[in-house]
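Only one chain is given next, in C-alpha cells, and it is the form predicted alone.
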Amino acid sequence: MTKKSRVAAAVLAASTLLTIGVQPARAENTSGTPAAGHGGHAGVPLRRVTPRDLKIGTAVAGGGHHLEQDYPDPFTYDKPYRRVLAGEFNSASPENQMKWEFIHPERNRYNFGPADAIVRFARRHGQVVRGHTLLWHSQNPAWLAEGQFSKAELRAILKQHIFTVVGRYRGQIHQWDVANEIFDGNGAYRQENIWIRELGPGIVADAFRWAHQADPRAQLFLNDYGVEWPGAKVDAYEALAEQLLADRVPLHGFASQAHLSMRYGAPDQLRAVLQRFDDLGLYTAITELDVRMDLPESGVPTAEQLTTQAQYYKTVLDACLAVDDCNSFTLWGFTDKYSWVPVFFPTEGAATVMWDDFTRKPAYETLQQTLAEARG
C-alpha cells in the first residue's frame, strides 16, 4: 500500500480518539511501557504500528538545558526513560549531544562519549540515528563564537569539524541535519550565523559536499522551524534546494521541525509545503515535533486542550503520510518530564505525548491509531 492510498484509511482513525479524556489508563504491559487506555492497539508501541517505509523517532534527552536542571543526565541515569525510548521508537535524534558546543567544546578537543553512547544504544535496539546538527547559528562554543579567525581559518574549522564528526559515525547515521535554520522569517540568510556571515551563502553547499564525502550513505537535510505554512521562508528554501540540485550538490531532503503552539492554528497547509520538496525529488521529514499550550493556573491541561493537542499532532502526521517520500517522523522528546518547552516558554508546557510518569496522553493514542490505520 502506497502512502497516498494509506492516507484515506488513516483519516478514519481520529474521530473516536479525539473525545478522549484527560488521563489515559496507567496499566503496564510486559515491556514496561505504559499501556494505552483506548483503541484496539493497547500496549502496542509506536514502532510496531508505523508503516515500514517511515521511521518513528524521538529526541534523546541530554545536554543543553538539561545540564541546568536538578536531575542527572536523563539518557544515562533514567532506566524507565531508556526502556520507553527503546520500546517505542526506531529512530533516535541526539537532542544536544551532537551540537557544536557539546561535541566540540574546545578547538582541539571533541567530546564524543555521549553521542557514542546513543549510537551504541540505537544499534542494540534496532534504531537508526538522525545526526543533529552541523551548520547552525546557535549553541556554538565560546572559542568559536568569540574567536578572531580569518575566513580561511573558519572554513578550515568547519571542514575539519564535519569530516571529524560525520566521519566518526560513517555508516551509522541515517540522516544528518546539515544546514539548520539558515533563513529568517523573511527568507533572508541569518546574519547571526557565523558561517554565512563570514564566508557567504556558498558555504552551505560546501557543508553538504563535505558531509557527503565523509559519509556517502547518509541522507543530508535542510532543517528549519516556521516552514509549516507557505511563505517567504519556504520560498527561500525551495529556491535554494533548486539551486543546490542544479549545481549537483548532494542534498537529499528538506525537513520541518514542527515546534508548534496552540496559540496558533494547526498547520493545515503542511502537506502542500512538503509536496513542493517531494516534487523536487527530495525526501521530506518531520524532525522536532511538539505541541505546547498555555497551561491553566493548576498547571494541568484541560480535556479540551488535550483533544486539541491531539488534533495538531494528527494534522502533522497526516501531512507526512500523504507525501510519498516523507520517510522520517520525529518527536522532540516524548515525556513532559524532560521537555525543553517550560524552560524556554515559561507559561506554556505539556507539549509532548506522555506525562512525567510515561503514561500516555490522547496525542499518543491518536498517533498510534493513525499510524496503525496507515500501515493497514
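Don't overthink the numbering: it's just position in the shown sequence, from 1. Here the structure is a predicted model, which means the values were calculated and not measured.
What comes next is about the form predicted together with a small molecule, which is not displayed.
Enquirer: Using 4.5 Å between non-hydrogen atoms, is Thr76 touching the small molecule in the predicted complex?
Expert: Outside the cut-off, so no.
Enquirer: May I ask you to check whether Asp215 falls inside a 4.5 Å heavy atom distance of the small molecule in the predicted complex?
Expert: Answer no; every heavy atom of Asp215 is more than 4.5 Å from the small molecule in the predicted complex.
Enquirer: Residue-level contact is defined here as any heavy atom of the residue lying within 4.5 Å of the small molecule in the predicted complex; does Phe329 satisfy this criterion?
Expert: Output for Phe329 is no: heavy atoms all beyond 4.5 Å of the small molecule.
Enquirer: Check whether Gly64 has any heavy atom within 4.5 Å of a heavy atom of the small molecule in the predicted complex, and answer yes or no.
Expert: Because a heavy atom of Gly64 falls inside 4.5 Å of the small molecule in the predicted complex, the answer is yes.
Enquirer: Identify which of Asn180, Gln127, Gln175, Gln97 has a heavy atom within 4.5 Å of the small molecule in the predicted complex; exactly one of them does.
Expert: It is Asn180 that has a heavy atom within 4.5 Å of the partner.
Enquirer: Just to confirm the contact call: exactly one of 196 to 204, 84 to 92, 105 to 113, 130 to 138 touches the small molecule in the predicted complex at a 4.5 Å heavy atom cutoff, so which is it?
Expert: Within 4.5 Å of the partner lies stretch 130 to 138.
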